[in-house]
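Single chain ahead, written as C-alpha cells, the form predicted on its own.
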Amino acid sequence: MSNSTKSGLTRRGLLGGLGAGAGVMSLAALTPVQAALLPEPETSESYDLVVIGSGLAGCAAALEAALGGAKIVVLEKASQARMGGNSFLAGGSFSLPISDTAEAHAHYVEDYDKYTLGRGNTEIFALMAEHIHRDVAWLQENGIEVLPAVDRPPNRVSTATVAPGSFAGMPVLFRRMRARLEELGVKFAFDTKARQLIMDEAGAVVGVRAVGRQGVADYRGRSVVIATGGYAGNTQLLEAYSDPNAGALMVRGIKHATGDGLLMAQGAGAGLKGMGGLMALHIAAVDGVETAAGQPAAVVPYAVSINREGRRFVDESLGYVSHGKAVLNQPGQMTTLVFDQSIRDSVAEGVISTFNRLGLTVHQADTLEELAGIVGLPAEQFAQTVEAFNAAVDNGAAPGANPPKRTLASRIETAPFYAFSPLVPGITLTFGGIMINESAQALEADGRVIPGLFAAGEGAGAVFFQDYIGGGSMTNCLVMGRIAGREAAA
C-alpha cells in the first residue's frame, strides 16, 4: 500500500551507498554532510518486498514472490527501454545437468568445480544442479518459451536457449516477463536509482532510499533483494580490484553496471568476496563493433586461434573465457579464429547465421594462403602453423601441438576455410560480489546474516572464479533469483 508521509530518522537508520559505513545511524549520528547527501523525502511507499534491478535475477525474485501473493516494487535506474540489465544482452542459454538425476547433478557440479579451478562456490553449483530443470519449466509455465536442451561436450552439461534462439530470445523474455509481473500487480519504478539502504533499530534492512524522476523517495519493505549485477562499468572498481589497466578493456555488457548494489550492501555491513584480479572477470574475444552478439563462443573449442604473428597461443578446447583472457597477452590484443567446412557443418552454422544477421563479416577463402591474405596474417607462418597442428591431431586431441590441445581437435583441411577476424578482448561480466548463503541472505564478512537483506545474480556469491561453463551465469541468476524471492517474501 502506498502512502505519502514524512518519516523521521528517530526509529530507523540510513546507510549510505557510497561507503557511509556499517551499523545503524541514528539522527544524532548523521553529520551535515551525510544528511545533505540525500535529504529526508516527503514520499514513502510501502511494500512487502523491494527488488533492486530488473535483470533476470531481479525479475525471477519478483515473480517468485508475487506468485506467492507478495506486494512488490522493482527499482531500476535505467529507462524502461533498457530493462533487463546484462541479461538483456545475453545469449540466453541456461546450463543444465544432462538429466535430472543425482549422478548427472554430481557430474555437473564436478565440471563447474573444475572450470573454476576448485575455487567456485560448490554450494551454489549444487543448487543450480538441483533446481534448474524445474526452474526452466517454471519459466515456460509463465509464458516464456525455451528450446529443447542440447548436450555441450566435452562438459557433462546441456544448454537450453530462450526461443527463438541465441541473442534473439532475451528481448522476448523480458517483454513477456514484464507483462506477467504487471499482471500480478508488480510495480516498476524506472529511472529510479537506489542510493541507500534503510535499517531499523534492530539492524534489519527495511527499505531503500532512491532518487527518481520526482526526486528522493523511500521504498519500504519487510525485506530487500539486491540484484543489480556487477561492476564492469565502474573503472574505479575495475582498476582497484582487477588490474590497474582493466579500465581500458571494452565493456561488452551494459555500461551502467557500476557496482551500486555492492556498495550499498557493503555500507550495511555485507562482506564482498571473489573480486580480486583478472580471475574475477569474464573476458571473451569478440567482434570489435558488435561486442555483445558478435562472439563465436560455440566455435572456439573446435577451431584454431592464431595471433598476428601467425601462431597459435592457447588450448582452444578450454573454452571461450580462457581463450579471451589469453588474447589479452597477444600482439595488438587481437586474434583470428580459423575453421574449415567440416567444423562449419558440425558446430558453426548458428554462429555464422548470427554474424550474417548482424551484418558482421565472416571471412571465407578456398585456400589457407588466400585466407591469410584476407585477414592480414603472414601467409607462410600461418600455413606452417595450421600444417603443424594438423600433423599433431590424433584421435580428437593434439597432444604434440604447440600449445597442446587436449580435446575437440580436428584437422583444418576441408575447403573452403573460414575466419572470424579480428577478435578483441572485452569484459562480459564480473565475478564476485556480496557474500550470501544458500538462502540468498546477505552475509557480513564474518558470516553473520544481515536480516532483511538478500542478494542474487551476477553481483552475489561469489559463484564463479576464472571461468565458467557457458550458460552458467543465466542459470545462477534464475535459480538464486527464485530462491531470493521466495526467502525474502517468507
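Note that the coordinates shown come from a computational prediction; the quantities given were computed from them, not determined experimentally. When you see a residue number, it is the position in the sequence shown, counting from 1.
What comes next is about the form predicted together with a small molecule, which is not displayed.
S.K.: Which among 329-337, 347-355, 187-195, 367-375 is in contact with the small molecule in the predicted complex, heavy atoms within 4.5 angstroms?
M.R.: The contacting stretch is 187-195.
S.K.: Heavy atom within 4.5 Å of the small molecule in the predicted complex: which of L89, L263, V109, I98?
M.R.: The residue from L89, L263, V109, I98 that makes the contact is L89.
S.K.: Among M435, L453, I52, L423, which has any heavy atom within 4.5 Å of the small molecule in the predicted complex?
M.R.: Only one option qualifies, and that one is I52.
S.K.: Does any part of L56 reach within 4.5 Å of the small molecule in the predicted complex? Heavy atoms only, please.
M.R.: Yes, L56 is a contact residue.
S.K.: How about C477 - does it come within 4.5 Å of the small molecule in the predicted complex, if we only consider non-hydrogen atoms?
M.R.: Yes.
S.K.: In the predicted complex, is there a heavy atom of the small molecule that lies within 4.5 Å of any heavy atom of H256, even though the partner is absent here?
M.R.: Contact check for H256: yes, within 4.5 Å of the small molecule in the predicted complex.
S.K.: Mark A65 yes when one of its heavy atoms lies within 4.5 Å of a heavy atom of the small molecule in the predicted complex, and no otherwise.
M.R.: So A65 does not count as contacting the small molecule.
S.K.: Quick check: do K77, A292 and T428 each get a heavy atom within 4.5 Å of the small molecule in the predicted complex?
M.R.: Yes, because K77, A292 and T428 each have a heavy atom that approaches the small molecule to within 4.5 Å in the predicted complex.
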